[in-house]
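Listed next as structure tokens: two forms of one protein chain, kept apart as structure 1 and structure 2.
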Structure 1
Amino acid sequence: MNKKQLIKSLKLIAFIVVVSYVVDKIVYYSITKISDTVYSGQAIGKLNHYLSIKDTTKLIVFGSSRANHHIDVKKLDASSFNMGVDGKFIAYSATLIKLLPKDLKQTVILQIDPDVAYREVYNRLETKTLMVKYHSNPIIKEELDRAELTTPFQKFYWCIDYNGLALGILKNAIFPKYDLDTYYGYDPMEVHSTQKEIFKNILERNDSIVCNTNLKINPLFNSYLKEVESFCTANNKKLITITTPIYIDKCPEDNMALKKTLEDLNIEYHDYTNFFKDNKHLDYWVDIAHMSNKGAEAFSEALSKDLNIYDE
């Protein structure tokens, strides 16, 4: 390739880069404009909803599906929101907690799964769904960079933020799943006859369970716990951690280990794993780890009476 051809090639490459950069930003801001209006669905809607209420709400629940489907927060406080999201654990919750205002007294209820706390590997991949706010929220950006979940190309091509989420966002923009004015984050699950039969069959199986014997808390999980405690202490938040009920716990050792860890961190903890130990009513359950709407309502009623949510 002679010098003239090289210069021509470099100009073409530069032109393509500039055009692709401009097109990327046009598409990014177009999707973002739509995305910011979506308040339905767990891809972006619930996050947007949370961002809109986090500065004015007194009590917020964080955690996985066992927070989302199990805690009717309106039984705890009229000014409340359930920010539990399926498949999301401590890294996701900690990131959202750090978005709370620093000058407002609030109660933070963090649901923790003991088996996740003691996993040998915890890679915080669930925070990737927060990528939609990577270029619009500095705290989320910092957390995602820290987790090393971004790519070098993302600094240049912002549309990567929406990778795999764009269709879900557009779908919920056109067909919202619920009424924003009445939704407060709690998603109860109804159990149907077919599900009940499936659950019965599961219970009748004599499946062997191998419990984790290496009960050393995952270092990453532990660091997030410390960060949440530190943030809440410094920013006028009352932190309460809980574990919600399961049908049967064949590995109670991790619960005891978690209790000791949280005591050492001076974090209030309530373990409700065996809350329904003496009441095995199948109408209360969808599966071993998730309560039905009936079980969740019974549990939430008890929770409202049991927790000292506000200091005297």
Structure 2
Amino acid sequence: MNKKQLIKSLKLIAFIVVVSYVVDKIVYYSITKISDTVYSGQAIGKLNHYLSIKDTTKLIVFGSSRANHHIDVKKLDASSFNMGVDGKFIAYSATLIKLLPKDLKQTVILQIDPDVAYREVYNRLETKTLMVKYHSNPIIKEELDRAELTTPFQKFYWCIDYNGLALGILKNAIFPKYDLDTYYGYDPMEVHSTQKEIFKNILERNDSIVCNTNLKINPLFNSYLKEVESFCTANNKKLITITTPIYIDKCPEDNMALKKTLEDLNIEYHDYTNFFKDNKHLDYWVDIAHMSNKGAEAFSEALSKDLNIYDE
């Protein structure tokens, strides 16, 4: 390689670096502008919605799809929001809880599952979708850095914040799906024929399950739990943890262990895993871990009576 070739090659590399950097920033700010107007969709829309209501809402439910599709929060409190999101666990919920206003009296219902709490490996990967706020929200940035989910490239290419989400954002910006004024985060699930067939096949297969015998709470899960508890205690929030029903629980040991852990931490816990133990009507279920709209309505009614928060 002679000097002329070296200069030519370096120029090309430098040009690529500069152009890609500039294009990245233009696209990043354009997507951010669009993204901030989006209120449809679970990953971005719901997060934006949450950020807009979190300072004024009395009761908020956090958790996974088993919170999102199972708890009709309006049955619990008129001023409420269900911030359950598919595939999100305690790290995601804890990060969002930490965004709540200090000193405002609020009820936080955190849906948790024993099988997640006692997983040997829990990598917090689900918090990756919060990346869309990485460069705009310092609390989220801190949590994501702590979870080591960012890549070194992200410091340079900010568009990585929107990795895998850009098409969804555009779609939801062009075709918004719901009314911001009436939506309150609860997404009941209708069972369609394909899903029904799959669930029936799974039940017929009757897979054997190996229960986790090492009932040592995942350290990460435990630390998030403690953080949520101390945040709520310090900031005038009432924390209630619950486990929503599943179709059949073949491993009750982890439920008992979780109950004990939460008792030790002095956290209120309600375990509804076996709520439908004597009612195996398939119309109540979409799959083993998810209730249909019918099941969710029945459960929410009962939850409302049980927690009795409405009048507080």
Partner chain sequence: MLFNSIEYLIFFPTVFILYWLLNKDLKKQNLLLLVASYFFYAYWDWTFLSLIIYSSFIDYYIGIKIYETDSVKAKKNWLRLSLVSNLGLLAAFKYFNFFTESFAEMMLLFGWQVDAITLNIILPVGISFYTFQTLSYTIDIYRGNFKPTKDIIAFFTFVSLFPQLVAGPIERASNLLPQIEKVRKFKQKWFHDGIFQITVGLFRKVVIADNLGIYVDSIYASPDVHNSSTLLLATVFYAYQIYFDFAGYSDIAIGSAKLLGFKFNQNFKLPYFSNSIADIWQRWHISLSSWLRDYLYYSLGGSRGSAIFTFRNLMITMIIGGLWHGNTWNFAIWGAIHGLLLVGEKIIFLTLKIKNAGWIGYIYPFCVVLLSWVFFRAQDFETAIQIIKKLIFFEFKIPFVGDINAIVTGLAMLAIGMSFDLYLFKTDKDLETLGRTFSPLKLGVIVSAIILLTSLFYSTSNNFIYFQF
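Remember, it's a predicted structure, so these values are computed and weren't measured experimentally. In this text, rigid core is short for the largest set of C-alphas that superpose within 1.5 Å between two forms. Residue numbering: sequential along structure 1, first residue numbered 1.
- In this comparison, the chain shown as structure 2 is the form predicted in complex with the partner chain.
- The rigid-core alignment places the CA of Glu297 less than 2 Å apart between the two structures.
- At Ser9, the distance the Cα travels between the two structures is 6.9 Å after the core is superposed.
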